[in-house]
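Only one chain is shown below, in structure tokens, and it's the form predicted alone.
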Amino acid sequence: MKETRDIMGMPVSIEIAGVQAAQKNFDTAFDYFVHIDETFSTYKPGSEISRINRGEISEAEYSAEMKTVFALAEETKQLTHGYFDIHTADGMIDPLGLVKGWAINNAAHMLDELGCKNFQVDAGGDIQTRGKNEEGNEWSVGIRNPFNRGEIIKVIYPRGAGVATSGTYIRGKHIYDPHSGEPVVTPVLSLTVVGPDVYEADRFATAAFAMGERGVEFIEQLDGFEGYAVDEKGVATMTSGFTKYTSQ
């Protein structure tokens, strides 16, 4: 059973296989995403992050979730040599580059606790899987052609790993180089990262894309991560171990 709702400005899809595909399990996960949107959306004037950006909330008043995300963001900034930064060019704070994967991973853990063994959670193309699909096969994830979003150019089988893609072909030049404050200018159009879970994949995909052509090399050096990049000429580059995800 699969259900999709528009939350966080993107389609969020949850598919649960087997007897655990109860409506209450879907509702629990979707309610969590609504809560995340209401807390971290920079487009909602009443969200906590918007109030922080307007200076209405002191650091001592931050929620536990906000403190966690800020701590994770600082950790990620250090691990990526400053290429991941939730501070935008205009001085505001936008943690979406970390929050989306973090929220998907948290929702997956909620479904685990509800007894769900076989499911897939997909928010805007970033995905966490568990177990097998309804047919008893491995969950598959399609990497889209950045020149034609309706076309899948590579199918991978994450087997419980997380998958995240960063690029300019969906939302335009929304990723900034924290060192220059300017939109990333790179021949790379999309970079898909497979990591231990979707939170890890998402944060490093964002940073690696900001590195431009060196992004795949950065992913290559990370233990437990693989990457697949497509450039403006349609040439794909992958890390040395990526092919382990391309066979069922």
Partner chain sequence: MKKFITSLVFVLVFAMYALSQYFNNSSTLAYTAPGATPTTAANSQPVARVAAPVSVPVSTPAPTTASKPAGQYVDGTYTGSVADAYYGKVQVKATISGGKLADVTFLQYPSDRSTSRFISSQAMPMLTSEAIQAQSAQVDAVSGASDTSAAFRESLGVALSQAKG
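Positions refer to the first chain, counted from 1. Keep in mind it's a predicted model, so treat the numbers as computed, not measured.
Here the subject shifts to the form predicted together with its partner chain, a form of this protein not shown in this document.
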**Prompt:** Out of Ala71, Leu114, Met92, Val155, which one falls within 4.5 Å of its partner chain in the predicted bound form, going by heavy atoms?
**Reply:** Val155
**Item:** Interface segment, criterion being heavy atoms within 4.5 Å of its partner chain in the predicted bound form, picked from 49 to 57, 23 to 31, 63 to 71, 219 to 227
**Value:** 219 to 227
**Message:** On the criterion of a non-hydrogen atom at 4.5 angstroms or closer, are Pro11, Ile127 and Asp231 all touching its partner chain in the predicted bound form?
**Reply:** yes
**Message:** Can you tell me whether Met110 touches its partner chain? I mean in the predicted bound form, with a 4.5 angstroms heavy atom cut-off.
**Reply:** no
**Message:** Even though the partner isn't displayed, in the predicted bound form is Ile104 close enough to its partner chain, meaning a heavy atom within 4.5 Å?
**Reply:** no
**Request:** Decide whether Thr88 counts as a contact residue for its partner chain in the predicted bound form under a heavy atom distance cut-off of 4.5 Å.
**Result:** no
**Message:** Please determine whether His35 contacts its partner chain in the predicted bound form, using a 4.5 Å cut-off between heavy atoms.
**Reply:** no
**Complete:** In sequence order, the residues of 64 to 91 that place a heavy atom within 4.5 Å of its partner chain in the predicted bound form are Glu75, Leu79, Thr80, His81, Tyr83
